[in-house]
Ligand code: F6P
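Next up: just one chain, as structure tokens, the form predicted alone.
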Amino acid sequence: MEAVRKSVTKTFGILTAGGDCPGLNAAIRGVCRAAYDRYGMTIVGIANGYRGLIDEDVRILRPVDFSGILTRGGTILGTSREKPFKAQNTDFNIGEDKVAAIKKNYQKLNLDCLVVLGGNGTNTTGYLLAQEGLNVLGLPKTIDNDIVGTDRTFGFHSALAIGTEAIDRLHSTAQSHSRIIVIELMGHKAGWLALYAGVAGGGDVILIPEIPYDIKAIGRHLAERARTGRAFSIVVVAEGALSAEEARMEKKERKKYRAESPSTGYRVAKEIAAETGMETRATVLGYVQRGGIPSASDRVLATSLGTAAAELLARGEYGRMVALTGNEIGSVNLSVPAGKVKSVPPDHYMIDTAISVGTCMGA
């Protein structure tokens, strides 16, 4: 058995925040096994995201807690969308500032570092806590793949596989009934998931937030498919996709306009039916994309990012987010992802790939 190595970090806390996704437990396992087995660190598990640190809802994690969780979906720690830097001093059950409570409990628990697993909001909060004097490390988790500073986030590959399988299944029913079927995938501000799943599933139209769509251009494309004997089509829509008209609206006006429809997918389906006269149906995949076991690729990535985080803990290199760049696992300063969204660039090769195989991008 390997001798325990020296470590700057003796005790750290770990939490998962924001939306759940496949790979969280694999990442927890990666951090904890390496930190405990190789360096003998004490691990404090924090329940339900930042809320658990505010309320001191914690427990010591031992090997039995993080063994056998590699393939499990969700998170053994629980999660929440608590944002401690938002709406401070309101509805707080112990009458004190949420950030102050976090700092107090961080010290009370004798933490040398706080490890946070999450998306844009989680890592931004981590950066803000680092600015408050806490030692923080971040891991990039989101099915949207929209975190700046890493080429890929864990959770994305699993959601991509689920989205692609759904598109595959919709193809047969669309063809059988000669229908237009619109499938809405997640992706509020970035279209990575819809773009990749659309290409993988052979979507005939792909609509993403980065390219405002023209319903008349979509109508022409679908009409041409019908004219050439292809009476059915699959339209893949990111939940944050917007029309050219919406893109010109102010944020409040756009929010009011969107409230009139159940979701983007249903609105697009209604617009297509009105524009083309074709029978159109909508399917919203929803939370199915975030559930279930992680893919092999996400298990590998989450484990690698987790063990890399343990190495940063051992060296005392705080204020970082572990990241995948090319084929290398490294890290970036927490300021890099803070407050940003990694959008699909207009010159990204996948957009050209989609257009090259006859997919309409809505414009």
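This one's a predicted model, so the numbers in the text were calculated from it and none came from an experiment. So that there is no doubt, residue numbering starts at 1 and follows the sequence shown.
One more form of this protein, predicted together with the ligand, exists but is not displayed; see below.
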item: Answer option from I143, V182, V136, A241, heavy atom within 4.5 Å of the ligand in the predicted bound form; value: I143
item: Contact residue in the predicted bound form, chosen from L160, M186, V116, I218 - any heavy atom within 4.5 Å of the ligand; value: M186
item: Non-hydrogen atom contact R169 with the ligand in the predicted bound form at 4.5 angstroms; value: no
item: R81, heavy atom within 4.5 angstroms of the ligand in the predicted bound form; value: yes
item: Partner proximity in the predicted bound form: R290 to the ligand, non-hydrogen atom cutoff 4.5 Å; value: yes
item: Contact segment among 149-157, 98-106, 186-194, 121-129, judged by heavy atoms lying within 4.5 Å of the ligand in the predicted bound form; value: 186-194
item: Contacts with the ligand in the predicted bound form - residues in 15-50 whose heavy atoms fall within 4.5 Å; value: G19
